[in-house]
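Coming up are structure 1 and structure 2: the same protein chain in two forms, each one given alone as structure tokens.
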Structure 1
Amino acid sequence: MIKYIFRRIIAIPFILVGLSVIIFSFTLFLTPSERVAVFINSPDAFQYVDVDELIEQYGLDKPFPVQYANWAQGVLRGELGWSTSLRMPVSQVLRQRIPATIELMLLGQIVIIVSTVFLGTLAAKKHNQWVDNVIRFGVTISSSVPNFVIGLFLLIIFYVGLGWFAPGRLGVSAMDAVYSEGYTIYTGMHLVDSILNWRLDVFKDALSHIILPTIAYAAGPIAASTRLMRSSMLENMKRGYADTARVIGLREKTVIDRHVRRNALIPTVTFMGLLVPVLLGGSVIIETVFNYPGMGMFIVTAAKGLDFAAIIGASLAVCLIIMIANLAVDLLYGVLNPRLRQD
């Protein structure tokens, strides 16, 4: 297991290089003057220098490997270029946007795992009774509703119809509170920071904004992982050890809660790991629908504005998040399944 994790960590830089080559090679479709933005890191360069000079300076008429090397050097120093659509350095945008998306993703994962465990256990316990059938039917339906349709209808019902929640990330007053003096930004995730600063009004506001996107985000994955959890619960209930536990006199509830569920969780955890790229992909849609300023919306804005420095920087960041998440899932997997740890 340790060997395996070690191998995964060693692989990360190689994967990053590979990915950055693929992503950077997209710039080959662009003209050098369009490509300039990818290399610039402050507005001054744009305003006072001639574009031709910049092309020369960054070697944009040189062959691909030279350009890639120039660019990669900048990336290693944390310079990701100038975002023309948001008019600030890409690295600065990422500092604001990554926490927003991670906040959404973490909350989404929590919602997914809690509802999966609940629904999956319920469906398995009441196997073939009407509860099970209702859950199964709901799962099939909700896995075919596109998340943007869900998002749109959530907006229509809860924002337009009922007026409970609003799009965006924070209301005006909460925004003022966050940027006022005496409010320390620890993680950039409003839910966490507001608790740390003990500003419950901000917490409540942030929660009311994030709740709809989280539901829209989680609906599809909940369906898929509930299905998985249900079938793996059913399979584990049939296994020998469950019978043994029953024979030695444990109550059915204890058997299921202590033994079956723990084992049935293993495939679900694997699934959660696979979910990270799916969720990040989904954030593109969800954040756009709810006007939630995270990485997904950033990528869409950048893509529409042909803002290549931003596209490249954001894609790299997303890939890095995915790799870190995968590593975390591997570790979690080792905790759940002690047999793996020894090898």
Structure 2
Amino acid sequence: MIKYIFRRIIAIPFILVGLSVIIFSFTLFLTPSERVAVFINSPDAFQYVDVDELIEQYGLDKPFPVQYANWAQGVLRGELGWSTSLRMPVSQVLRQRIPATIELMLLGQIVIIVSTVFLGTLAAKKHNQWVDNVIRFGVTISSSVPNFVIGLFLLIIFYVGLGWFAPGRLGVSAMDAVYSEGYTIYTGMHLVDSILNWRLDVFKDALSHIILPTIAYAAGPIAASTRLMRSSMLENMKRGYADTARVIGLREKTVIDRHVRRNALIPTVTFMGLLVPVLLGGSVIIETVFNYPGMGMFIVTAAKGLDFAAIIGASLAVCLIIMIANLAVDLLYGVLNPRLRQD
């Protein structure tokens, strides 16, 4: 298992270098003066030297390998350029926005996994009964409605109508508490930090703001993965190992819980790994609908303002998040499939 984990981890830097070359190559479509924003970390640089000197300083008039090497050195130091849309260093923006998106993704993935396992198993156990038909009808409806439509309906019902939940990430009082002197920001994820700071009021406020985005974020993936889980469960319930377990006297519940479900999860986990880029792309819409200040809103703002440094920095961050998520899926796949670890 250790060798399996090591092989997956050691590949990350090489993949990241290849992706960074591709991402940086898009700057070749920009003029050297436009490319300067990718290198500087403050607009004050223009007050002391002119653009031509900056172009010479960063080698923007030199061949691509030299430009990439200079840029990569800055990235390793945490220098990702200046965001003209938010008027702050890109690295600072990412430190603020990445935890918000990761928090939404993690909570959404938990909801997706729990719902998929429960609904897929229940539908398979009650095959062609009314429970199975209700679940299939529900996932069909869920997969047919875009996530932004689900988000708008949730806002209309629970925010405008009932006033239970609100858009954004924190309320005013909770935000004041988070940025007060006695509050320590450990991860940037409010649910985690509020627990570490023993602030139940902040936890409740953060949870009330993230519930609706999480439901809208997870609705579509739950539908797709539940279908796969159900079909995989039905297929494994008919295999020889399941019949053998029944012959030796194991109860049907034990056969399903200990043997069938574990094997049925293998293709489902693989499918969830393929969903990670789709989910991250979907967070752009969800964050915009709910005014949730994460990577999605940052990317939209950067794209509308032609903020090249922010777009490049956000692209790198998204690639890294996807790679780490896929690593987690690979490790989980290895846990579920012992034969993979042996190979």
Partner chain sequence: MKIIKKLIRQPLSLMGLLIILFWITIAVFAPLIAPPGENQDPYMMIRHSYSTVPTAPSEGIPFGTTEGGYDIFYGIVWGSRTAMIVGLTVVTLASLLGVLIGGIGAYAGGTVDYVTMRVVDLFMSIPFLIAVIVMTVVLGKGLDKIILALVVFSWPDYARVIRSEVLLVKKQEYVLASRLMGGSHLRVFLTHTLPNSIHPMIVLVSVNFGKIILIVAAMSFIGIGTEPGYADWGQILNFARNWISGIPGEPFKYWYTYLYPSLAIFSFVLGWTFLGDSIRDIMDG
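Take the two forms, superpose them, and find the largest set of C-alpha atoms that agree within 1.5 Å; that set is the rigid core. Please read all numbers here as calculations on a predicted model, not as lab measurements. Start at 1 and count along the sequence of structure 1; that gives the residue numbers used here.
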Please let me know, 1 or 2, which structure is the form predicted alone? 2
Using a rigid core superposition, assess whether Ile322 undergoes a CA shift of 2 Å or more between the two structures. no
Once the rigid core is superposed, tell me how far the Cα of Val17 moves between the two structures, in Å to one decimal. 3.8
